[in-house]
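Next up: a single chain in structure tokens, the form predicted alone.
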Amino acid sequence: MERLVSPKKTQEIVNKYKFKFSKSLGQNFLIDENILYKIVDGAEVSKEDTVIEVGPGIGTLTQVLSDRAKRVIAIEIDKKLIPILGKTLGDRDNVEVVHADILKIDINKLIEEKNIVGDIKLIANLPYYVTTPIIMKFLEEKVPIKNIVVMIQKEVAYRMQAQPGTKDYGSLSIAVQYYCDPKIITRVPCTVFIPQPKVESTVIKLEVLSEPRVKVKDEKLMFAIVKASFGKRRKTLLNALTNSELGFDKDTIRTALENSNIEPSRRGETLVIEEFARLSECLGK
């Protein structure tokens, strides 16, 4: 089948199957070939790779992925798109479409059931409303993926790669950078989609680390500290953590901060991830 990425072909498919875009599912189909190849090139897809694609839509990105990858497992939540994908990808022997909600399935079990071996990459044009839950599901559940290349809302991408002391730096920055090295590949204008979203997008690559960036005994405690530290950005660390749900009194927190070589008067937005790790180790004793 000819490429689906052109505006003409995409509209033809939409009209042919009388497809109605769902705002609740955040459906926007990419119609720019240059952006398509930036996604695939950025992920460095090769014949050694199995790609998990979330939200294939009508199969625009899936076509190019199947040309480059060994296998593509495309997971689509919208049952109305399943028969369309059967037509647009019917000639692709290395593509399997799975009708499922990515947030509700056991991805590691899926990998085992599909007998996926070798490098695995997550590549997707993600719906904005579930961007963070999907990415964090793959990372927190320790899915054995080499990298993640996704198109997401520009502001979210900037928060993922933000550094300490900047306005975008926050809990999401720490969560992503705990597991990955983030790198923005390209900005994407709203004009390259049908229908056009109201916000700009960005393609970001998350190179997954072989081990988390820092070692801590209690990940849950560290991320609770991170959340509390950014909960009230204007407050000092001492006050923000004392007035949180962590359950430690002010003297305990002060002592832990001092033992971590962190001034109690600092704000959470100034701490690097290694400092959050030291603080969680001190508080967890």
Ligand code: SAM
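On a predicted model such as this, the values are computed, not experimentally measured, just so you know. Residues carry their position along the shown sequence, with the first being 1.
Quick note: we don't show the form predicted together with the named molecule, though the next part is all about it.
J.: Have a look at 159-167, 111-119, 86-94, 72-80 and name the one stretch with heavy atoms inside 4.5 Å of the named molecule in the predicted complex.
T.: This holds for exactly one stretch, 72-80.
J.: With the named molecule left out of view, which of 141, 155, 207, 101 would have a heavy atom within 4.5 Å of it in the predicted complex?
T.: For this set of options, the contacting one is 101.
J.: Find the only residue in 149, 126, 145, 107 having a heavy atom within 4.5 Å of the named molecule in the predicted complex.
T.: Exactly one listed residue reaches within 4.5 Å, namely 126.
J.: So in the predicted complex, are 252, 256 and 284 all sitting within 4.5 Å of the named molecule, heavy atoms only?
T.: No.
J.: Could you confirm whether residue 25 comes within 4.5 Å of the named molecule in the predicted complex, counting heavy atoms only?
T.: Within the cut-off, so yes.
J.: Would you classify residue 49 as touching the named molecule in the predicted complex, given a 4.5 Å non-hydrogen atom cut-off?
T.: No - in the predicted complex, heavy atoms of residue 49 and the named molecule never come within 4.5 Å of each other.
J.: At 4.5 Å between heavy atoms, is residue 30 in contact with the named molecule in the predicted complex?
T.: Yes.
J.: Could you tell me if residue 260 has a non-hydrogen atom within 4.5 Å of the named molecule in the predicted complex?
T.: No.
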